[in-house]
Structure formats: structure tokens, C-alpha cells
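Just the one chain here, the form predicted on its own, laid out as C-alpha cells.
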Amino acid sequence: MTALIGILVFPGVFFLSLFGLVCEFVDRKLHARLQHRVGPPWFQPLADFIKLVSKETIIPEEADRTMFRLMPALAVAAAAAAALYIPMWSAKALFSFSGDVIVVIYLLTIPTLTFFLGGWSSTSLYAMIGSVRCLTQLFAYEVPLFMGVLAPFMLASTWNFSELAEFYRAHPGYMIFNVIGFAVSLVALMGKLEKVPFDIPEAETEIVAGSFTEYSGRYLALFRMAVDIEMVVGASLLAAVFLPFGLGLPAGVAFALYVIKVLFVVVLLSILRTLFARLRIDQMVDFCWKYLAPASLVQLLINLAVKGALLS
């Protein structure tokens, strides 16, 4: 029963959905203020969700109806499941085992695949173009994200979040060696969340809404909720890997510190998307392979050198 409550309520789907709406508001409000606009009121993300749920759901005649309906729910489920393996404010996650970081990264890949399959199954030209861009972008940022996130684990000689936190609690000075990996992972996370300058799959001025062009009503609401949850989980992942301090403190203090760390990552994402204009898909791929991948490789080499010095 405790596990079921954790999955559905806290820190499961219900908490992630609410916190995702909060993070969406912070992102939109800060982005607007940086552009000298007023921005939305605090309740706007929730109002948008309620409005979409109340609207009629239209499915194109030529669409694969099963895939079209299934993908939004699968996106939410995969993003929420990833959070269950990340220690957020306690020393251990709800479900913890050796190699849990690999499972988290794998689960965070699934929402992107659902965006592709959902758009492709709708048979809309705009949606299919967005789906192809979505998959192309996935191949570009996924490798740098993998290497950037896994480098701190390699230094700690573990693939478990809890053991990683224990290592950096005992050796806090070693976190400084992971600065490059944090920068690479932050930029790669922007690509995963399809934020400017990596919003090529849903470029509004080119292909309407990309993979989501034919979605409406509750299915579009679920996709948008999946993106919000993915933002929370992605920020929680970076916080757990690169800012693993504060875990194990009294529950209230640890939770408040967790919220601050996640909002810190969200603020960085918002600032970065305000600074840059949209790239073309070929520019995005070139950027990832010419700059992000070599930078993440440098991070791995630095950690290997530090680890070798520790063992000698």
C-alpha cells in the first residue's frame, strides 16, 4: 500500500503533475519578464490544463486510433516512473537498486519516442515532419546527455544514486570536477525538453505544433502534462547527480532544498532559452556532435584521471 501511494500520490504522478505546473509557471513567467512582458498569472498552467481537458477530442480519420490514444498516457507514465528511482530529498529513492541511473535515463527516452509515434500515427504532414525532427534531435543530444550524467557516477565507482550521494557527501570537493558535465547535461536537457533554441520539432512558425498538430482535448493535455513532468524529472536528475547535497537532512529541510535545486535548474533553462534563437535541425545536430559530445568526452577523461589519482 505504501508503494502504491508513493507511485500515485507522493512522490508519484499527483505530486509531479502539480510541481510540473509550478515549474511551467516559473519558466513562462521568467521568460516573459526577461523579454519585458508581463507573463501569465500563477494559475495559468492549471487553467490551460482544465481548458484542454474540457474541450472536444478530435481524431483524424486516417490516424491509427490505437496509437494516437495510447501515446499521451504512455508519455506521462514513463516520465513519472523515472522519478521513482531518483532520490529527491531523502538518501534513497522510493525504488533503489544498483544501476538505477541507467533505468532513469532509459525511461526519460520513452516520452520522446511517444512524441514521434503519436505524431506519425496521426498521418498529418506537419505532425510527421515534427516527428522526424523529434527523432533526429533525439539521436543528437542523447549521447552527450548519457556521458555527461554518467561521468560523476564513474568517478564515484557506482551506478546507484544513493551511493553517489554518499560518495560526494564524503568527498564534497570532487563535485568541482563535474562542472563541464553539468553544463553539457543542462544543454542536452534543453534539447530533450525541446526548448528554444532546440524547439525545432514543434516550430510554431514552420510546422504549427509539430508532433502535436492533430492532438486536442484531453490527449493534448496529457502530452503537455508529460512535458511538465519530464521537466521536473530532468531537473531532479541533474540536481541528484551534480548537486547531491542536502540528502538525508530532516524531511522538511531536505524537501525545501530539493525544491530550490529543481527551480534553480528550471531558472537556468529559462534564461538560456531567452538568450538564443531557434536553430535549424542540421545546426542542432552539428552543435551536439561538434561541441557537446567532445565536451562530455573531456568530462569523462577528467574523471578518469581523478579516479586514477585516487587509486594510486
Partner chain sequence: MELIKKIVTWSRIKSPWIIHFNTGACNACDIEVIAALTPRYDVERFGVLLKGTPRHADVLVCSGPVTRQIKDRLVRIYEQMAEPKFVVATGTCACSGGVFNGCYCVEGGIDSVIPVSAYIPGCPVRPEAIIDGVVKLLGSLDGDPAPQGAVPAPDAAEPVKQGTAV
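Residue numbers count along the first chain shown, from 1. Quick caveat, the model's predicted, so the values are computed rather than measured.
What follows is about the form predicted in complex with its partner chain, which we do not show.
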Inset, instruction - Tell me, out of L107, M231, L220, L84, which residue has a non-hydrogen atom within 4.5 angstroms of its partner chain in the predicted complex. - result: L220
Legend entry - Contact residue in the predicted complex, chosen from F242, F153, W120, F212 - any heavy atom within 4.5 Å of its partner chain: F212
Inset, instruction - Mind telling me which stretch in 201-209, 93-101, 137-145, 72-80 gets its heavy atoms within 4.5 Å of its partner chain in the predicted complex? - result: 201-209
Legend entry - is_contact(R28, its partner chain) in the predicted complex, heavy atom dist at most 4.5 Å: yes
Legend entry - 4.5 angstroms heavy atom contact with its partner chain in the predicted complex for V266: no
Inset, instruction - Classify K55 as contacting or not contacting its partner chain in the predicted complex by the rule of any non-hydrogen atom within 4.5 angstroms, answering yes or no. - result: yes
Legend entry - S216, heavy atom within 4.5 angstroms of its partner chain in the predicted complex: yes
Legend entry - Within 4.5 Å of its partner chain in the predicted complex: residues from 36-56 (heavy atom criterion): R37, V38, G39, P40, P41, F43, Q44, A47, D48, I50, K51, L52, S54, K55, E56
